[in-house]
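Below you'll find only one chain, the form predicted alone, shown as structure tokens.
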Amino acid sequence: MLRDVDLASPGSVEDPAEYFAAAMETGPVQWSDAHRGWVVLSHAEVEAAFRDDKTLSADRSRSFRRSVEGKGESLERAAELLTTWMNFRDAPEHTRLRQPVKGAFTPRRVNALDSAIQSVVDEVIARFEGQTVELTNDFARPVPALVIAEILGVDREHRERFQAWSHDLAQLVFATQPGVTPDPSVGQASDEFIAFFRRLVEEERKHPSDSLLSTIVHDTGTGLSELELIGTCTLLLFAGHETTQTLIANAMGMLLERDDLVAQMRHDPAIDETAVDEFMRVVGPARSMIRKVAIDHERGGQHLKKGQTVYLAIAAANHDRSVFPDPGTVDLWRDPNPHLGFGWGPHYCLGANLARLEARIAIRTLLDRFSEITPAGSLTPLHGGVVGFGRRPLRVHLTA
């Protein structure tokens, strides 16, 4: 039994099944002094919290504006852009902002991207220089950036900029955390991609294409403003790049540690779809999602008060023994696999199927192209914080 749950503790990363099993002995919802907020641990309670958009709020628009107040027009414009991101808003605004994007990510549209994703992966692998590469920067990072550029119909000469812009967006999002002073350079960088996406939207209006951006721009049912359209583009870039990059890198890191898992994947390619979901369960990008208590209410036997912070512990839910048999074992054939790595309910990730497809094609292509993929020196340990995972560098030797 743990006295205080700490989602950033080494134990929760190194042995999450045991750590969270001990944590849940005290109950499915607990106060954490480490985080000065509530931590929701069990699969049932995390899923219920994701579904609840009445008593728990995802809205961060006020905190974004407060974090840049008086710090310059560029940062204020950047923060205003973040207020248009659907994942930082509650219904009914969330529903309105989500609707046109939902139409752009239907299963039919995503499945039609198979060949385009394969071409991007082939292109990135062709750039490898020599037999030693750093998989995060040389592979996991460019693949999703180029795929999102393809989806938005961006001209090839501009696509390389998407990697840098995704990094800038990450800086912007995390620079608006409470207590963090935003760097002025973040605002300056944001002006560049805001101007680019404004031109992209204008061009799409004048000359409609067959891209997914076209579906969003020409959706007349929700009446998105120009800033909301630009915000949607930047959200697609950030969410579609950062999370998929981390999933691919973390999955490859696990394979580099486990020859037995590599052997399973090489033996039977039919394992790919269930394997990607198991990677998502165990080392998916998100360890928790943050909410604010909108109204006083009871949850998991605890009384939550308005204004308090709530951490939906995805890492704990994904290792809940009442849902996942032997959760500490990586089972690439695990089925069913009701992990919560993509969220659930109203905020379920619209790009989930795209992320799965990109990861499946990226990992499979590496395994098919190279007979051996081995660490170049000691592997960097997997590092987990409150909200996410990471592992870099991932230097490897490749043998064709």
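Since this is a predicted model, take the numbers as computed values, not measurements. All residue numbers are counted from 1 along the displayed sequence.
One more form of this protein exists, namely the form predicted in complex with a small molecule; it is left out here, but the text below deals with it.
Looking at Gln171, you'd find every heavy atom of it more than 4.5 angstroms from the small molecule in the model of the complex. Contact check for Pro346: a heavy atom falls within 4.5 Å of the small molecule in the model of the complex. Heavy atoms of Asn87 reach within 4.5 Å of the small molecule in the model of the complex, making it an interface residue. Using a 4.5 Å cutoff between non-hydrogen atoms, Ser166 does not count as a contact of the small molecule in the model of the complex. Screening 336 to 344, 66 to 74, 364 to 372, 30 to 38 for residues having heavy atoms within 4.5 Å of the small molecule in the model of the complex returns a single hit, 336 to 344.
The candidate spot formed by Phe50, Met280 and Pro285 lies fully in contact with the small molecule in the model of the complex, as each residue has a heavy atom within 4.5 Å of it. Residue Met289 is the only one of Ala149, Ala249, Met289, Ile216 with a heavy atom lying within 4.5 Å of the small molecule in the model of the complex.
The partner is absent here, but in the model of the complex a heavy atom of Leu235, alone among Leu200, Val143, Leu235, Leu135, sits within 4.5 Å of the small molecule.
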